Structures are given as structure tokens and as C-alpha cells.
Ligand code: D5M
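Quick setup: one chain, the form predicted alone, written in C-alpha cells, and binding and motion questions come after.
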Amino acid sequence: MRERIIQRLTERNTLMTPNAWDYLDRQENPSDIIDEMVEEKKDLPFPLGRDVLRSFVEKGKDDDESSSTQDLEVSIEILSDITGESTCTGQLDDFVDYFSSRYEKLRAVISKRRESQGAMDINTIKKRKGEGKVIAMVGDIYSTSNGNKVLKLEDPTGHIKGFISQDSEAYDADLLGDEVVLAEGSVWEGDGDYDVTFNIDKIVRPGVPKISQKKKKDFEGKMAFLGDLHVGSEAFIDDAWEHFIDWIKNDEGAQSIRYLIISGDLVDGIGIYPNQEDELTIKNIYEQYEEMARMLSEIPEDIQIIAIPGNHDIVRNPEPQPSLPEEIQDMFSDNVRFVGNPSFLDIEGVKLLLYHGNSINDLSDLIYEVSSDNPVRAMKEMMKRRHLVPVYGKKTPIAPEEEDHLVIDEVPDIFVTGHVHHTEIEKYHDTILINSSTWQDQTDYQKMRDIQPDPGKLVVLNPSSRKVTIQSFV
């Protein structure tokens, strides 16, 4: 019987996953089920997973208690994702459109703050003396010989030189180029030797509202978070992964997990850093993804997996990044869903912002208090500035899209990153910040850069109670 079923599926260019076989073996007349499915369905997925098979078997039942992939996907709404929406051509006009979009989006956020009342455009404020406010993008910043700061403020109407003295409240604001802020101060009229200058006393960022408590979500079950698997690397920790698979399949504490979020770098990739090939056990990028697909197929198929790419994955390097190519996605089971980096999702009423986290490195270089060992501090800085990559032209490349998809338009319930291989969780106002663990031990390249990974951990969140725990598998 099994040979006949395999033959029928092979004729339709597909095969079943082990979990699908387990499900089929428990049914009456399994051969008839496959015959009917082959005849009735024009297209069959590869591989044929348990959820698709179960949905077909149980079609027509009024009280279907199963949680099929189709049911789960209906509950996931993609609010923002560059996939299929890219307009970037690399022309000069793209950069003009991109920075205009960045400014307008962040200006709209700042304008909701009460401090913005009375703000004027730069062209207007340059023509008047005295106190004023402007919502502007920060340009070049430098320090004078006596320690004061000089910068450029820009908006669509023009630009003005800004000045911040050492004794000003604004001096310690950690201003970064390209961020959009509300600047309060007074205008100094220029003369033959000096430009019109805006003396800045206070800086107000877009920020995050201080809500006392979010309404509890009516969410049954839990979400789990991991990232940076780097499959194909010789430093991938197989024992920890096997321990994790055993736990998620058999442990009572894992039975309530309904969603698994992967925050990028599914595989180690090829040619990402110098001499990487010496640290790979799988030297073909497609074989790395085939192994990744096999590993994820071991996770129970009633868990919906959502994955974004990272800088090691087979997508464009500039952000925002689209989801993995269809030829890669087709390798995976039906319960694995791919979205872009970043993506903003609504999962059963819970708003999630998923971002791999490349700009954490930029912020650790630019802000003294931020480091890769303390990624949530970088995430807070992104939230304050309401932008995932506040500075243009650093280590994180940005694609100049017509719309800036890296602005944090809406405050999420959960903000997830990865990239720096360090597990950390913290609440910022009413947003839960999660930096996911890695499944790669320290490589020689990481030793050279003094990167100390914190591997083999799974973050588990109950969105209803907002309780977070960490499961360690090392």
C-alpha cells in the first residue's frame, strides 16, 4: 500500500513529510484518501505536509477542532512588508523621494506631541527673531574648538545652522545625522560674518507614548522566538537543536506554543565574511536551505513558523529586505511562512515588529551607552527615534525606496530583533523588547572580533499575561 501511495504522489511531483505519514497511517483507507486527493486537487505542495492532508481529510466537518495552516494564516495580517512592493531603481530621484518620505512620516509622528504646537517651517523662522520651534532633519554635526556643537537643520522649505552650547539641555541628546526632531530655541540674526543661526535649547524626539498599561490581549497560547541559526556553519550547535526539538515535540510546557518567530540568518550563507568557506560544513547555499527545511520539518506542524531574512540570507543586502525567493520557500513545509525584513504583523490582535537588527552595530558605534552585549538599549534608541536605521551611510546599507519602510509608524506590542547573538528581554513603556538567541557557537571570525555569543536559548511569551520565560538547551 505504501509503495502505491508513493507512486501516486511521485506522479504529481511531491512526497509526504514524516508527520503527514504518521497522520495518514491513523486513518481508515489511507490509499483511498490519497487517490481522492490526487484526483481532486490540481496542485499539491512539495512536500505534502500534515496540515494540508488533515485539512483535506476533515473537510466538510462542522466541528473541525483541528488548527490547519489555512486557519492559522487567516489570523496573520501583514501590515507592512517590502516584499513585492520595491520601487528602488538606484536613480538620484530615489534618494530624494526616500528622505522626503522619512521626513514626512516622522514629522507626522512628532506633530502628535503637545510640544509641537506652534512649530514653524525653517523658511518662516529664519525671517523672524526670538523664540521658536522647528521640526527638522538633522544634518552634519561637529564640535567647535571650545566644545559647543554646530549642526544643520533641514526641512522642505530650506535649512538653517543650529548651535548647541555645552550648558544647554539639548547638549546631551546624542543627536545623530538624518534623524528627525523637534528643536526648540531662538533665532540669532546673521550679519556679514555669521549666518542666521538657531540657538537650540531643547530637543524632542518622536518617542513612544507613556501608556500606563496596555489592554490585555485575548490570545490563547504562546509565541516563541529564536534566530540566527546559521545552518551550514561548523559552529552550529547540533546537540542544542536536537534538545530543542525533543522539548518542543514532547514537553508539556511546549504544548501551548502556537507561533514560532525566527528573526533572520536562517543559514550561514556563502562569502559573507573573509575565509568563511573554511568554517562551513555545507558549502552550497541551496543545500544549506534544504537542511534548514529538514530541521524545521521536525517541529510539530500545528505550530505556525514565521521567518524573516537576515544579512546572511539569500536576499539583497540593503534594507528593507524582501522575503526569501520562492524557489527557497518551496523547500519548506506548509506551516512555514516567510516575510521581509523588517515586517510589521498583526497576529490575532498582537502587533509584532520583526527586524533582524543590523543597525544595532551602527548605534553601538555612535552612542556610548549602546553595545552589542546590550541590544535592548539599541532597540530603545530606535523606538525613541521611531526609526530602525536612524543614520544613513554607516554599516547598514539602505535601499532608497520611494517610501521609507524603516520608520516605526505604529508602536508595536512586541519588538523582535536578532543579529548580535545575545539573548535579552526588557519592557520599554508597554512594548516588550526581545533580542533572540543564536544557535551558532563562536566562530574563528567572531573570536577575531571579540564577539561572545549567548547560544541555544528560546524565548517563550504568553501575549495574554505578557509573561516571558527563557528555555536554555545548552
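Everything numeric in this text was worked out from a predicted model, so none of it was measured. Numbers follow the displayed sequence, beginning with 1.
From this point on, the text means the form predicted in complex with 2'-deoxyadenosine-5'-monophosphate (D5M), which you will not see here.
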Given 2'-deoxyadenosine-5'-monophosphate (D5M) in the predicted bound form, answer whether the residues N311, H421 and Q446 all have a heavy atom inside 4.5 Å of it. yes
Residue stretch of 447-455, 462-470, 20-28, 7-15 approaching 2'-deoxyadenosine-5'-monophosphate (D5M) in the predicted bound form, non-hydrogen atom distance within 4.5 Å: 447-455
Checked D81, D334, E179, D228 for heavy atoms within 4.5 Å of 2'-deoxyadenosine-5'-monophosphate (D5M) in the predicted bound form; positive is D228
If we test each of N374, S165, S100, N361 for a heavy atom within 4.5 Å of 2'-deoxyadenosine-5'-monophosphate (D5M) in the predicted bound form, the one that passes is N361
State yes or no: in the predicted bound form, is some non-hydrogen atom of K112 no more than 4.5 angstroms from a non-hydrogen atom of 2'-deoxyadenosine-5'-monophosphate (D5M)? no
So, K395 and 2'-deoxyadenosine-5'-monophosphate (D5M): in the predicted bound form, are they within 4.5 Å at any heavy atom pair? yes
What residues of 253-278, in sequence order, lie within 4.5 Å of 2'-deoxyadenosine-5'-monophosphate (D5M) in the predicted bound form by heavy atom? D265
